[in-house]
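Next up: just one chain, as structure tokens, the form predicted on its own.
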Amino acid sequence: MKNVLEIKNVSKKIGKRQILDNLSLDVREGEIFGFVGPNGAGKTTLIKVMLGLYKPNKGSISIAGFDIKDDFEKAMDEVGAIIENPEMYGYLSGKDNLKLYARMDPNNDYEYQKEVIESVKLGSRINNKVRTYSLGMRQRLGIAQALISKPKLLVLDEPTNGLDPLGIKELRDLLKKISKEKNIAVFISSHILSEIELMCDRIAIIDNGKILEVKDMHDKNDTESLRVSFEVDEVNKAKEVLKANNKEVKIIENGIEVFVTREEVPDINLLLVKENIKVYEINIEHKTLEDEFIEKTKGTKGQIK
């Protein structure tokens, strides 16, 4: 897949504070890319740099092949964005809001407007005044607005904020549909890890302005991402035995929990049995994104604003 967004060695300083530190990543057409990190890690700052609201101190960003420094207008023509909540004219209908926005696009395409309206599934409510819309409906309308100009990159900053569980699921399904059917690259900044895990094709974890990891969410062959629980009769003894063998151990109900590879599981079981600790049950789970996030950002305080 072709890269739509390319960020290379971008750094941003405000005063004496290093907000972004030599950050590089790419986003491909047709994928949903999640950008996650603690509050103050630099997520919104990067989005502002991408959209030209901040200038980087060094590095380059290109969108659909256009460098934002040398071809800013052409680059921005390829972007649709919502930063936090979409702002609309409440006294106008959803449809009239979209028409008003579309008039600012020199390549205004009425047929495409109708296609976008249909894709966000507002139905007959598109003709109602926006002030009567729920937050979820406003988010859908905001996405329609961002799509009107036929962007190759859709940028969303915390799009699920304030949505109820049904609204979050509907938004997730909508973004999956749009990214695949329209081959649009979707870049989402969020701290709601459970949703990012369900929604995204790849994710990047940022902390203190640095990318800690870029992960393919479809790759289930990572043998290091296993959470293993052992139900044992002597919990404290089991913990001490494994700690003596350089394993980080967490006490849970009726047993202990460790993060290890699959190959290490029988060795740990044998070690416990040799110490006369009875093992009643072993459960293996892949690490969740939340597990990996906490592990990667362990000990950080998120001081960047």
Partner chain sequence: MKILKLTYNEILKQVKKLSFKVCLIIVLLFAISMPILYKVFVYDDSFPLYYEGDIQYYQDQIISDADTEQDKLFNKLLDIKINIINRALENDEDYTDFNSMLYNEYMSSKTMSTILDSMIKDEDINYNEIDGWFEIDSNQYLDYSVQQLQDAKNEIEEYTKELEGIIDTKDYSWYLQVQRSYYEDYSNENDKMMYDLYDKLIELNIKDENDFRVIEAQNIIDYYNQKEILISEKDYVSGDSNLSYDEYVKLTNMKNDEIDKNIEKSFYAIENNINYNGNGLKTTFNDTIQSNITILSIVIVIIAGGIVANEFQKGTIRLLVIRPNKRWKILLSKFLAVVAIALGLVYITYVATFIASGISFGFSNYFVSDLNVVNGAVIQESYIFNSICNTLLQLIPVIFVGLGAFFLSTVINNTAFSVGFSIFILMGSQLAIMVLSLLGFPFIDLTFLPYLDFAQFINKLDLVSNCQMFGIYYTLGKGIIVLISWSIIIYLISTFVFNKKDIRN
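Remember, predicted model here, so these are calculated numbers, not experimental data. Numbering follows the first chain given and starts at 1. Rigid core (definition): largest C-alpha set, two forms, superposition within 1.5 Å.
Below, we turn to the form predicted in complex with its partner chain, even though it does not appear here.
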{"property": "Position in contact with its partner chain when the complex is considered in the predicted complex, options 87, 164, 219, 173, heavy atoms within 4.5 Å", "result": "87"}
{"property": "Answer option from 65, 40, 30, 52, heavy atom within 4.5 Å of its partner chain in the predicted complex", "result": "52"}
{"property": "In the predicted complex, residue 190 touching its partner chain (heavy atom, 4.5 Å)", "result": "no"}
{"property": "Close approach of residue 14 to its partner chain in the predicted complex, 4.5 Å, heavy atom", "result": "yes"}
{"property": "Partner proximity in the predicted complex: residue 91 to its partner chain, non-hydrogen atom cutoff 4.5 Å", "result": "yes"}
{"property": "Residue contact check: residue 233 to its partner chain in the predicted complex, 4.5 Å heavy atom", "result": "no"}
{"property": "Proximity to its partner chain in the predicted complex (heavy atom, within 4.5 Å), stretch among 175-183, 120-128, 76-84, 193-201", "result": "76-84"}
{"property": "Its partner chain in the predicted complex reached by all of 100, 106 and 145, non-hydrogen atom within 4.5 Å", "result": "yes"}
{"property": "Core superposition between this form and the one not shown, C-alpha change of residue 200 at least 2 Å", "result": "no"}
{"property": "Rigid core superposition, residue 96 Cα moves 2 angstroms or more between this form and the one not shown", "result": "yes"}
{"property": "Per-residue C-alpha change between this form and the one not shown, residue 74, threshold 2 Å, rigid core fit", "result": "no"}
